[in-house]
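Form predicted on its own, single chain, as structure tokens, below.
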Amino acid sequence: MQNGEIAGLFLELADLLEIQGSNPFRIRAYRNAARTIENETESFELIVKNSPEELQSFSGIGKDLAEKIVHVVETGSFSQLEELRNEIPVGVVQMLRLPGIGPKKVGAMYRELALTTIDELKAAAEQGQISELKGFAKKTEESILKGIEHLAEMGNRALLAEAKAQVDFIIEDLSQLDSVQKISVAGSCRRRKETVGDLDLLISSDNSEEAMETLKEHPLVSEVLQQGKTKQRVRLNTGLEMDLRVVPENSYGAAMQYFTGSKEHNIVMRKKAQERGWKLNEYGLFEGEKQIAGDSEEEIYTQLGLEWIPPELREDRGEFEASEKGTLPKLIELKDICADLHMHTTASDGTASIKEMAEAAKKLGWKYISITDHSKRVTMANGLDEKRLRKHWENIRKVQEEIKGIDILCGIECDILEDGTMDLSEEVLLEADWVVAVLHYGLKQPKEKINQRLLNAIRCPAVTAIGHLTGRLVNRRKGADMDMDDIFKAASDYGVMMEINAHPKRLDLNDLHARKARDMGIPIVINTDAHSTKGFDVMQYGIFQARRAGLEKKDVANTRTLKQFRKMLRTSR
């Protein structure tokens, strides 16, 4: 198990305890432990396997927590968490997905109004019962109703990172079976969509019963919903459902193509087969009763006169035309990244020092980074004013003298204020190597106001990039309303880059906006927005987003050497 998965279970436990109204000190202890685990670079799974006694040497982890960590690594869960999952209705836990509603508020509504589903919560809010509770206001009630409306639009979808972590864990375990020859995830998870409605897992095996029995007993599986000879549907502990399909080896490629989708892509594939008098389904490509392809996806695409199309592009957005012409993009890969240009340290709200972040980035093979702590408007994150920022840059330069093999740029994540001005003076910002301008506040302002704020920032000579452009949070918060054509034209005219923020909760730019920016000649930067050394791990999700946008290495600025990258900046730095 990854550290993030272990930490996630303790955060879940803390949430459930808070919903119950348990001891706040106990809850805080679990949250602190989760933070320790998530931010630690050393694998807790390996610690448990090699020297479990070392667990208690970590801050906030005593004997009880150490025992739970051991149990999590060995079984995937622990009894206290399972008991709480059974005690607290699923509908109550789903309320945590509503924007601005934490476990404390959910607990109050659950205990005092006996609300156990989203529908009951909606009815109570519409009747004005929520605002009558202590600590709640009419504004909270309105926010809940808007959140429920947004949740309904999104559906019951999990973040890609959450879904991928679960299916990767299951794949790792099932692949140990001698009876399993091939195994892979399909569906929207394989296409790397931002959110996943359910999971599709394909295997070729000579013993489907063994695979299904192993999945049934897997620690991430809460119940079996359906089971036949070649298909099993299960519900995971998180509520996400997954289909396991067992297919013959000679149909594995056809099944992968079929179940990866998208629906729109598959319609075109079947039509191309029909034009040749053939039939294409999950069992293979057939001429009459004879299978002429099916072992591999490549074989199927070749038979249909196409180059193999990467899963991320399978949305019927021009990939077939490019495939037929031999002009499919050579999609960017994680190994192409040379730098990360958006990260935080203990100078604002990060958990690691400048040196720790630089050393961790160096281990990943990155050649340069930019430290971009918050500007002063973000008071909750200990944002920097001009005086502290200049001192911070001095500290960065001192660390640079100590560390060889990686360059550290003096940067800043500067807020674009509600009145359209920058949070720090242009004079100070021009001293930076790299300035990421962002919207954090006033995201609900009218389109015209949002546009003007962004245009002002783009025209500011010190700004080198716009970070997480819309300010959205996937499944949680819609982004600000803006005119993308105006914003991208200005960015292109003034030489300002656009960021794909790789954090799985942001992924902002989205794939369509990233493609549009690329088409308008705007260089893209893919950044992690890391607040710890472990935060660098999310770079892969930014790469997935870029691949869905059809981006190649040349389209992304931070695939270049520092010397090449500096030449791309709008001002001489």
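Quantities reported herein were computed from a predicted structural model and do not represent experimental measurements. Quick note: we count residues from 1 along the sequence shown, nothing fancier.
The form predicted together with a small molecule exists for this protein as well; it is not shown, and the discussion that follows is about that form.
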Please tell me which of Q232, S188, T470, T464 lies within 4.5 Å of the small molecule in the model of the complex, judged by heavy atoms.
S188
One residue of N237, S262, S251, S208 in contact with the small molecule, assessed in the model of the complex (non-hydrogen atom, 4.5 angstroms)
S262
When the small molecule is placed as it is in the model of the complex, which of 254-262, 498-506, 118-126, 398-406 ends up with heavy atoms within 4.5 Å of it?
254-262
Does the small molecule get within 4.5 angstroms of any non-hydrogen atom of G197 in the model of the complex?
yes
In the model of the complex, does R157 come within 4.5 Å of the small molecule, counting heavy atoms only?
yes
Quick one: is R270 in contact with the small molecule in the model of the complex, heavy atoms, 4.5 Å cut-off?
yes
At the 4.5 Å heavy atom threshold, is N266 in contact with the small molecule in the model of the complex?
yes
